[in-house]
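Next up: a single chain in structure tokens, the form predicted on its own.
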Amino acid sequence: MIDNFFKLLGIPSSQLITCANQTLYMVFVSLVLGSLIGIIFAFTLVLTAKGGLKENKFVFNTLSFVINTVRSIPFIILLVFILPVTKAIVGTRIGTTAALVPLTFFIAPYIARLFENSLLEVNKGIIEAAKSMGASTFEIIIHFWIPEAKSSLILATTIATISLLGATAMAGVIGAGGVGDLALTYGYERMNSALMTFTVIVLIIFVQIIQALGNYLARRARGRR
């Protein structure tokens, strides 16, 4: 029965598994890298903003400009535009690993803005109270800011993950593979409606799982079951 199902799709089961693994690999690695960059950018923005703990107009405006500039570039254009950078970093312009570079460039500024909003939601009174008690900037970030914003940060990461999942489909332009590329290359271009429908269902399931997990972790962070 399973063999007949994959005959209907026109692909072997091993190919579907490979594409699913490629998608998960691209999403997970670029999400981790993008989140690390994003949290640094986000804290830099809130700390150097007007009235921030380390107010610095030049740093704030410069970083904000860079983030807005990168975010304004459509992913498909960014993907091609930074090919020389991709080549310099990973040694190749094509493949799943090569896609990690543009995916990280794409998601890092997006996450930075999401995280910035999450951090700005924290009650300023808590930060001021911590400062008045003599806590250093690092201690305020680790012991007050992040714990208070944790739930919102989790939901922001969930949104970013789903955005990355969509971006991986376009990464097929540089031979990155993945479920999205499977739908376009073997489904749309070959007029295989069954495969197109199946890959859409797989992507929907991915999104539902990611959102459900994000909501659950956010509730736990707020102390709710």
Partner chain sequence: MSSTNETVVRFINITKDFTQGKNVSRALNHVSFEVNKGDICGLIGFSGAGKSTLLRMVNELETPTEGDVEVLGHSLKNTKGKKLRDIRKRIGMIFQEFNLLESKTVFDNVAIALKLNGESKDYIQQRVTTLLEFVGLSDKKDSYPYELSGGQKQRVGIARALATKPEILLCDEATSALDPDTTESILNLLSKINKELQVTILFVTHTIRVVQKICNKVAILEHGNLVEFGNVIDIFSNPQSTIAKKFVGAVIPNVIPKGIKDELLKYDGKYKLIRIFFHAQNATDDVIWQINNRLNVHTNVMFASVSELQDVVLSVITLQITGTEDDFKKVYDYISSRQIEFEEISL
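In this text, all values refer to a predicted model and were calculated from it rather than measured experimentally. Positions refer to the first chain, counted from 1.
Below, we turn to the form predicted together with the partner chain, even though it does not appear here.
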### Query
With the cut-off set at 4.5 Å between non-hydrogen atoms, does Arg71 touch the partner chain in the predicted complex?
no
### the partner chain contact in the predicted complex: Ser136, any heavy atom under 4.5 Å
yes
### the partner chain contact in the predicted complex: Arg93, any heavy atom under 4.5 Å
no
### Query
Is there a heavy atom of Phe144 no more than 4.5 Å from a heavy atom of the partner chain in the predicted complex?
yes
## Note on the structure
Note: the partner chain not shown here; in the predicted complex, the stretch from 112 to 120, 97 to 105, 72 to 80, 127 to 135 having heavy atoms within 4.5 Å of it is 127 to 135
